[in-house]
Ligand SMILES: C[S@@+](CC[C@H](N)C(=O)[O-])C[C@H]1O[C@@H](n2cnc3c(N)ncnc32)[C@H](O)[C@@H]1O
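As a starting point, one isolated chain is supplied in structure tokens, in the form predicted on its own.
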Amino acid sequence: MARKRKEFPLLEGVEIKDVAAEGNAIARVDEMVVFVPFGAPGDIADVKIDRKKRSYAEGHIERMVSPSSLRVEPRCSHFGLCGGCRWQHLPYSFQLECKQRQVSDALRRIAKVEIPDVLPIIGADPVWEYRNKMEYTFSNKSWLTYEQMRSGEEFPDRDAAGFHIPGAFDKVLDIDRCHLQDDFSNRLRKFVKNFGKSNGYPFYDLRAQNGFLRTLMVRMASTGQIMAMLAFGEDNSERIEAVMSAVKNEFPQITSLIYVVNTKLNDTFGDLPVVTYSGAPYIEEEMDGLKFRVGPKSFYQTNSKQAHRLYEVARDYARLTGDELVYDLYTGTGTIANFVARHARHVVGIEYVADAIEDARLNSRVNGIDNTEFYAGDMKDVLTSEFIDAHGRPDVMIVDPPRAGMHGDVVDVILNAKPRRIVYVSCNPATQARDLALLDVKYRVTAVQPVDMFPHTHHVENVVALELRQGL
């Protein structure tokens, strides 16, 4: 017999006080902190508690009593269901204010080191259709809204093409229009969906792990080039040919049309062969006069315009004169390494993903850059004292780690190497702050510059400049 689900209370007339982690809003009720998605500071609402822990609770707005004067009308019809843009209901100027505060709070509360005033955040322009990469999932189990479930109607057609619902891996929200990428992306997704349905091709079942149409990735470069990659869950050559031919004929502007057959239990395709159906196996991005080839497996910042601003900040903080040996840690496809190479004597890039290192070397060749070298492997295993003895002690280190920050062993090697300057680029101010506390024994923070890469989300990039303390 199934355990009866505990019924939590409805809290009436709750005032939303502020924004909090993960894009939620926050309220306080009788000494209890309550996290509420899609709330705005100043809202008065009845909040239904969904989950309760000892020190906090999570809930949702059941009824809006009095909306905040801050609120603006969300552009997207899927706001409140799709978990992607949780701040659409907040003015962009207020979003920037919150992100600025997020960076300052993290550095002061977690790092607890002396820092200068945080510079005003560099906002994005445009704030819509700014993403160069989108990934959609096809599923035979579309998410039903609360209204649909309460209606008592039957919904036999559950095929969907859209985004995963947070907390429900096997459910996908069918998207009409996403405003984060050029509308071409929506037209392509709908065409593939309708073509599959009209031909009776099964959409992927995320629980049973079977079905034909699985995922669609769309990359749109600032150069105007377009990549579309379809992933199929069945190796059915007749169906694959039909879909790819139809897409090619309907969208001749696609410059890289590719596909992969993925029968694995997850959507990753890094270990699978990718087939070029038409066009080139890559697209090209352009930045500061440099060209970067981006393949289906390549990492490239998903906001091209803001990436340029982010890398300009990093290069300025490196204060290069042309004589420096630079180490670029977590180099990815070598974007930053190649971006700064013209201003340095030599650049050494290190990255975990071997395919990314091949892209980095290729990007150097494409741009005629001959003062870079790249190495693949786990950072804590590659960046050792022996590696530094062999390749030279760096004058400047640029680090751009994943959200988890740097491994302790990597921090130790950096401290032993004692570069004159460190430029730390981070997508997670909390782990960046933790690492700054470890570096504080030998380095002082001289500048902090947040950059907004992802409008309408709580995510923020932050660049910190550090100088080796005098006498070390």
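Please read these numbers as outputs of a predicted model, since none were measured by experiment. All residue numbers are counted from 1 along the displayed sequence.
This protein has a second form, the form predicted in complex with the named molecule, left out of what is shown; the following refers to that one.
- Checking 273-281, 344-352, 208-216, 184-192 against the named molecule in the model of the complex, the stretch whose residues place heavy atoms within 4.5 Å of it is 344-352.
- Of the candidates Gln88, Gln95, Asn262, Gln301, Gln301 is the one whose heavy atoms come within 4.5 Å of the named molecule in the model of the complex; the others do not.
- Contact annotation: of the candidates Pro402, Pro252, Gly200, Pro116, the single residue with a non-hydrogen atom within 4.5 angstroms of the named molecule in the model of the complex is Pro402.
- Within this chain, Asp235 is remote from the site of the named molecule in the model of the complex, having no heavy atom within 4.5 Å.
- When the named molecule is considered in the model of the complex, Ile240 lies well away from it, no heavy atom lying within 4.5 Å.
- At least one heavy atom of Tyr311 is located within 4.5 Å of the named molecule in the model of the complex.
- For Pro296, no non-hydrogen atom is located within 4.5 Å of the named molecule in the model of the complex, even though that partner is not displayed.
- Contacts with the named molecule in the model of the complex, taken as any heavy atom within 4.5 Å, map to no residue of 240-276.
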